[in-house]
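Shown here is one chain on its own, the form predicted alone, set out as structure tokens.
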Amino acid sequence: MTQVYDRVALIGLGLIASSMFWAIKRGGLAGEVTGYARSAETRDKAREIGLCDRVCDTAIDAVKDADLIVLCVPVGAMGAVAEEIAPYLKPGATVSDVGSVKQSVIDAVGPHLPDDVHFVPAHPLAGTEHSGPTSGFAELFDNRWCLLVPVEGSDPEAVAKLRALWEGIGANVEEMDAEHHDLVLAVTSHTPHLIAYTMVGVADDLRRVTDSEVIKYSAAGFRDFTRIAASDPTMWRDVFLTNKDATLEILGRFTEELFALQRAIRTGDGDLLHAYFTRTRAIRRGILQAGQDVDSPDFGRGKAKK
């Protein structure tokens, strides 16, 4: 692979940023990668494990002379970070992000950026329940999708370079507009996470079984809910607050489907239940055929660092 950028700056050093660094190094995609995290403890840990070629003590130092700046902070913090670094961005540089909501990021970040800086929002559809600088690994994005969400007037060359980086990292890349992205993710990620949080919360509230039984017998479906529900609380709080409309729309549809299933169970409508489960099983098979998971437990996360 060939180098895409001379210098890349990663702002925020959690799972996604750390995995990006290891993947960029694996592919020789950047000459230098700088990094910054708000927490001194995180910066020290990053230095200790060799995460980034240079860990800076301010975001301003990290972005100086960078050709690509990737905001890897919670969605709710992106506007403030953009405002802080904007005066120090190199003319012609590209600013991107990895947030799982796009319209609110565009609204928060875009107004702060100078006219001579390119803005190409992005969202890699990959993750584990782990977080922090030690959680990353180079293979996280292999054969996963990264969605690029260019804004009005995005420079085609800047978009093409970012695409080349993500493809070099190992991802499949597609472009999408922000509104459609937020609706798609409300279906595929945001609402499932909310349901998982709810299911785990219900089990905790009911107290009809002891804690030891919940843990002991969780090899059934409950275990998979708990994996999802272990995700970073700050990130998910921001996701729901910033993708409110799409999430509420999909939750409304989910509620309607749930009522239909309740009615079928109450009335003994086995035909409806069988047809419904047959249709949903086919969706799972489609995910496997698309190479987006493996047909084994652990959600195909065997490579994730524990």
Ligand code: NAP
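The shown structure was predicted, so the numbers you read here are calculated from the model rather than taken from an experiment. The first residue of the shown sequence is 1; numbering continues from there.
Separately, the form predicted in complex with the ligand exists; it is not shown, and the next lines address it.
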Worksheet item: Picking from 128-136, 87-95, 112-120, 195-203, which part of the chain touches the ligand in the predicted complex when contact means heavy atoms within 4.5 Å?
Response: 128-136
Discussion item. For a quick test of understanding: in the predicted complex, does each of Val4, Ala158 and Asn172 have a heavy atom within 4.5 Å of the ligand?
Written reply: no
Practice prompt. Let me know the one among Thr255, Thr278, Gln262, Ser39 whose heavy atoms come within 4.5 Å of the ligand in the predicted complex, would you?
Written response: Ser39
Item to complete: Could you spot which one of Leu165, Val149, Met78, Ala186 gets a heavy atom to within 4.5 Å of the ligand in the predicted complex?
Response: Met78
Discussion item. Is Cys72 part of the interface with the ligand in the predicted complex - any heavy atom within 4.5 Å?
Written reply: yes
Worksheet item: Does Ile16 reach the ligand in the predicted complex, with heavy atoms at most 4.5 Å apart?
Response: yes
Worksheet item: Is Ile106 close to the ligand in the predicted complex, meaning a heavy atom pair under 4.5 Å apart or at it?
Response: no
Worksheet item: Asp224 near the ligand in the predicted complex, any heavy atom under 4.5 Å?
Response: no
Item to complete: Select from 88-110 the residues with a non-hydrogen atom within 4.5 Å of the ligand in the predicted complex and write them out in sequence order.
Response: Val98, Gly99, Ser100
